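Take a look at this one chain, the form predicted alone, written out in C-alpha cells.
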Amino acid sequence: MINAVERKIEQYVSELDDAHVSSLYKKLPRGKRLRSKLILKIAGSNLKVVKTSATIEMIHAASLLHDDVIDEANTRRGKISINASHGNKSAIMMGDILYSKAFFELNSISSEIAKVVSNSVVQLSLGELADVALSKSFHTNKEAYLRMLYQKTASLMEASAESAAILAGKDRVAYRDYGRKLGMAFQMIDDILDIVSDEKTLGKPALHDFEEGKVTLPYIYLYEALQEEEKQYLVSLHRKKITQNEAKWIKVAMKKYNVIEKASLEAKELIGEAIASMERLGEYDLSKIAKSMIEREF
C-alpha cells in the first residue's frame, strides 16, 4: 500500500498545477516512509488512511527541506539537496508549499487528526529552533537534548501512530506512546550511526553532526567520562572540520569508555518498551518494525 501513498502525494502535488514544484518534488529522495508504514499497519489501507499517510509524509519532506537549509547541507540521503542544487529560497518555499498543501488536505480527513498533526508540527518547529540554539556551543545538557530530540523527530512519529489509532478506533494513548518511543529511539540510533558508519553508508561524511555543532548523546557521555585535559580537547573540536586523526581520537575514546554501548542501550530500552506494549495488544507487525530499527545501518 506504500505505492498508494506515493500516488496520493503525487496527486496532491499535481493539483498545485505548477511545473516547477512538480519538478522539484521529483528530485526529493523518497526515504524509508516509516511513518506511512506505521499508519498502514495500525489502521489498514482505506482512503482516509492513505490520505493521512500522504499528508504526514509531505510534512516530513517539508521539514527536511528546511532542515537542510538550516544545516547548510549539500546532500540528502546521498543525493544533492534542493538547497544545494536550486538555492535556499527554492528549498524554503518548496517546504512551505508542501506544509500548506498537507494542512489543507488534513482538514478534509478529520478535525481531530488535523489537531494532532498540527500540534506535532508546532513541536517539530520548536525542536528545530532548540537544535539551532544548542548547536551554538558545546553542551552536556542531556535533558535539553532529549527534549529537542522529542520535538524535532519523535513528535511527528507520535502523531502518526496516534492519528492511525484514531482512524482505526484503537487506544490512541497506547499507540501515541509507542510512536514517541519509536521516534526517540530512531533519532538516538541515527546519532550513533553518524559516528560509527562510513560516508558511503550514511550518504554524508561521518561525524558530520559534530562538525555542524550537534552534541548528541554519545558526545555527552564521552565528555562525562574524559579527564579534564581530554574534555578541553573534545570541546576544541566542536563545530570545526575534523581531520582523520581527530576523528580517530574521538572514536578510540568512545570505544575506551564504552560510550556507544551506553547510548545504544538507552535506545534499545525504549525499543524494548515499545515492542512489549505492542505485543500486549497483539500488534506483532509493529513490534517487528521496532525490532528492525535496532539492526539498521542507516
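What you see is a predicted model; the values in this text were computed from it and never measured. Numbers for residues come from their place in the sequence shown, where the first is 1.
Another form exists, predicted together with farnesyl diphosphate (FPP); not displayed. Remarks below refer to it.
Note on the interface: of 236-244, 66-74, 45-53, 265-273, the segment with non-hydrogen atoms within 4.5 angstroms of farnesyl diphosphate (FPP) in the model of the complex is 66-74. Of the candidates 214, 172, 101, 139, 214 is the one whose heavy atoms come within 4.5 Å of farnesyl diphosphate (FPP) in the model of the complex; the others do not.
Of the listed positions (224, 177, 128, 112), a single one reaches within 4.5 angstroms of farnesyl diphosphate (FPP) by any non-hydrogen atom in the model of the complex, namely 128. The shortest heavy atom separation between residue 124 and farnesyl diphosphate (FPP) in the model of the complex is within 4.5 Å. In the model of the complex, farnesyl diphosphate (FPP) lies within 4.5 Å of some heavy atom of residue 153. Farnesyl diphosphate (FPP) in the model of the complex comes within 4.5 Å of a heavy atom belonging to residue 59.
By the criterion of a heavy atom within 4.5 Å, residue 81 is excluded from the residues contacting farnesyl diphosphate (FPP) in the model of the complex.
In the model of the complex, farnesyl diphosphate (FPP) lies within 4.5 angstroms of a heavy atom of only one residue of 156-188, namely 187.
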